[in-house]
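Encoded as structure tokens, the following chain is the form predicted alone, with no partner shown.
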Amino acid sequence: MLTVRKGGPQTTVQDLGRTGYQRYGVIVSGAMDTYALRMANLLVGNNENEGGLEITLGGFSARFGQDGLVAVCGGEMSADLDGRPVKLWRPLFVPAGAVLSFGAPKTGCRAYVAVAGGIDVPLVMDSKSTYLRAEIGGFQGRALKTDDEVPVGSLSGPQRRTVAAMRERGFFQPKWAVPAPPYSDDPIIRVMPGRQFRLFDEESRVRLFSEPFTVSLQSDRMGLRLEGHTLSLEEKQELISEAVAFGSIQVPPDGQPIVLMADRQTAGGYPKIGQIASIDLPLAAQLKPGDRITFEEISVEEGQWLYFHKERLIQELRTAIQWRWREWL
């Protein structure tokens, strides 16, 4: 059991999303930074789709009711365990009664905490993800707040043995870690031309890949609203609504692009000028208001190659983590 001492600006339970229901108008939700959540889960011996905590802009703390194993991945938010600094992207032994706390963000804006055994909340349409607008999933369909008691699932045999071994050895954290993405408050994000790219005038097509945008205060889990030069269609068009994806870049009538994120709608009628390559979605997920973003054009073939390369790396990391686990037992 985790007892929340401070909920922070927004801390929710998320997994990799509520897939298979978009045709009914149900959005996917899930973690904004899926790489961070997947790595955190693998580091503690969970299935990579297990529910974890998504902590936005820090300010969260919770007390652990029993010995456990956690991993913190994603943005750097000065995490500490009873005042002792916690290193990211590696497992962490947590004794019963210890308090895990987060400060203000230094790099990125979202941290992910995976707990061995997972967060034990009911599945809603096959997912533990929280969709705040509809108040479904996660912990009672809402963000966590002070005094919430969040249940943790049972440990597997290997997880129990690992926790016991770390307790006996007084082991806090290993020296090794998995690699983190190159988070930045001014990243270069790779983008493939979108379905309606050619409907925009030449100046807009050039500017998309040559001038930076700033993340607006109106950004949230649904989308990153960007401010910068206006993007314009060659001529006014009435488009039929069609499916959108994580990372689709839509341009509404005001000409200021919106990058669709985890809580995106299932379909949209605004023209899509681009699509962020999946490998760079974690970089976009960690942007906060005031950060800058620059787009770099790549082809669909390059995007596919980068996707396969990323998944191969995750497979290699999964195997390496399993070998490291064997060293503790």
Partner chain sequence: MMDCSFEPLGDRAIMIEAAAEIGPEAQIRVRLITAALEAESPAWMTGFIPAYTTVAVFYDPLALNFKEAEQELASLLSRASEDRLPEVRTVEIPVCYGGEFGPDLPFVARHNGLTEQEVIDFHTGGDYSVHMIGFAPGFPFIGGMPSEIAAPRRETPRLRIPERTVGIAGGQTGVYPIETPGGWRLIGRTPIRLFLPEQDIPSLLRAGDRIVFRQIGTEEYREMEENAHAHRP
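Keep in mind that this is a model prediction, so the values were computed, not measured. Numbering follows the first chain given and starts at 1.
There is another form of the same protein, the form predicted in complex with its partner chain; it is not shown, and what comes next is about it.
- Query: Does its partner chain come within 4.5 Å of any heavy atom of residue 304 in the model of the complex?
  - Reply: Result yes; residue 304 sits at the interface with its partner chain in the model of the complex.
- How about residue 134: is it within 4.5 Å of its partner chain in the model of the complex, going by heavy atoms? Contact check for residue 134: yes, within 4.5 Å of its partner chain in the model of the complex.
- Message: Given that its partner chain is not shown alongside this chain, does residue 235 nevertheless sit within 4.5 Å of it in the model of the complex, heavy atom to heavy atom?
- Response: No.
- Message: If we define contact as a non-hydrogen atom of the residue within 4.5 angstroms of the partner, is residue 272 a contact of its partner chain in the model of the complex?
- Response: Because a heavy atom of residue 272 falls inside 4.5 Å of its partner chain in the model of the complex, the answer is yes.
- Here the chain is shown alone; which of 98, 177, 188, 245 has a heavy atom within 4.5 Å of its partner chain in the model of the complex? Looking at 98, 177, 188, 245 one by one, just 245 meets the 4.5 Å heavy-atom criterion.
- Task: Would you mind picking the one in 195, 145, 87, 160 that has a heavy atom within 4.5 Å of its partner chain in the model of the complex?
- Result: None of the other options qualify; the answer is 195.
- Item | Segment that reaches its partner chain in the model of the complex - one of 42-50, 259-267, 56-64, 287-295, heavy atoms within 4.5 Å | Flagged stretch: 259-267.
- Task: Report yes if all three of 24, 281 and 308 come within 4.5 Å of its partner chain in the model of the complex by some heavy atom, otherwise no.
- Result: Every residue of the spot touches its partner chain in the model of the complex.
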